[in-house]
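In the block that follows, a single chain appears as structure tokens, in the form predicted alone.
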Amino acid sequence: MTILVFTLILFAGALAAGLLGSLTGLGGGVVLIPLLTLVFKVDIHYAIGTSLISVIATSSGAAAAYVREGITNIRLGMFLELATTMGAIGGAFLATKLDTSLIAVLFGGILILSAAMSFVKRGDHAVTTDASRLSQVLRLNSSYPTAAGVVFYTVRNVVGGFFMMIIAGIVSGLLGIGSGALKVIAMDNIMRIPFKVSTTTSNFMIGVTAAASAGIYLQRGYIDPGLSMPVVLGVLVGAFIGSRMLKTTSVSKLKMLFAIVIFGLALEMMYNGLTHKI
């Protein structure tokens, strides 16, 4: 395989990752890491480093569009970033000490959990009552536009969501997936905010979370410019397309896509980790 063909295939995979990451709040790493490790046989530490760069690019590409459209809850995202950044630094240090096969199994387990949570709940949350005291004090309650008009919602269980974000940050630094899956779960199922707000706020946050741990991977030499360049370009294009599609896409279809894709990738990663092929 020539360098040009390799770059084009990697660009196409990154484009798909950016599109999926933008639509679901995953950050794209759930596609890129299996692509690099299973298809191109890249060491998983380098795959994670490249994924973190793509996560930053995805966040940059999609977050601006979502903020402009008024879907992202900026105040909530900035508050939760305190937790994810702390966790991401700890996770990045831990990743350099663990065996690659163990990381692959952990990666698959987290994705299966994410898929299962998506199948459990299919309705959307648009709660306008019973806001928590803390969400009122921090002024986290907000609204977002829909085809039927503006929908107001409240944020609940702020403390539980904050601690889940610490775990999400550790997963981000450890596995390089931007922890978008756990962030969406925390906001959708724990804090009970609308799914589209969860995904867009996750996209807003994941760049900061990834940047906190990417510096550690760069210092350890696990970020390769030859891998990162086509990935960044691909995820930016994919994220831009995804940001245009989200406003008119069905929430139930988004959750189904979220679950099916990552469940298949999770099984593949766990199998290769358990058989020490990674």
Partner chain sequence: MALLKKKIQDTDLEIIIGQLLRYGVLISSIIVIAGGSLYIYRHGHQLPNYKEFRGEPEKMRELSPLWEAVLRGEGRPLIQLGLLVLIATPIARIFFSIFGYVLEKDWLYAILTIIVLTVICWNF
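Numbering follows the first chain given and starts at 1. Just so it is clear, the model here is predicted, and its values are computed rather than measured. Note that the rigid core is defined as the largest set of C-alphas that superpose within 1.5 Å between two forms.
Keep in mind that the form predicted together with its partner chain is not shown, yet the notes after this line are about it.
Visitor: Mind checking whether each of N157, M165 and I260 has a heavy atom within 4.5 Å of its partner chain in the predicted bound form?
Guide: Zero of three within 4.5 Å in the predicted bound form.
Visitor: Just give me the single entry in I190, V208, I112, L106 that has a non-hydrogen atom within 4.5 angstroms of its partner chain in the predicted bound form.
Guide: Result of the distance check: V208.
Visitor: Given that its partner chain is not shown alongside this chain, does T275 nevertheless sit within 4.5 Å of it in the predicted bound form, heavy atom to heavy atom?
Guide: Result no; T275 lies far from its partner chain in the predicted bound form.
Visitor: For K253, is any heavy atom within 4.5 Å of its partner chain in the predicted bound form, or not?
Guide: No.
Visitor: Using the partner position in the predicted bound form, report whether M78 sits within 4.5 Å of its partner chain, counting heavy atoms only.
Guide: Yes - in the predicted bound form, heavy atoms of M78 and its partner chain come within 4.5 Å of each other.
Visitor: Although the partner isn't part of this model, could you tell me whether T85 comes within 4.5 Å of its partner chain in the predicted bound form, counting any heavy atom of the residue?
Guide: Taking the distances in the predicted bound form, the answer for T85 is yes, it comes within 4.5 Å of its partner chain.
Visitor: Within 4.5 Å of its partner chain in the predicted bound form, which residues of 219 to 238 have a heavy atom? Give them in sequence order, or say none.
Guide: Q219, R220, G221, Y222, I223, D224, P225, G226, L227, S228, M229, V232, L233, L236 sit within 4.5 Å of the partner.
Visitor: Using a superposition on the rigid core, decide whether the Cα position of G49 changes by 2 angstroms or more between this form and the one not shown.
Guide: No, because once the rigid core is superposed, the C-alpha of G49 moves less than 2 Å between this form and the one not shown.
Visitor: After superposition on the rigid core, does the Cα atom of V151 shift by at least 2 Å between this form and the one not shown?
Guide: Yes.
Visitor: After the core is overlaid between this form and the one not shown, has the C-alpha of A210 moved by 2 angstroms or more?
Guide: It does not, since the A210 C-alpha is displaced less than 2 Å between this form and the one not shown after the core fit.
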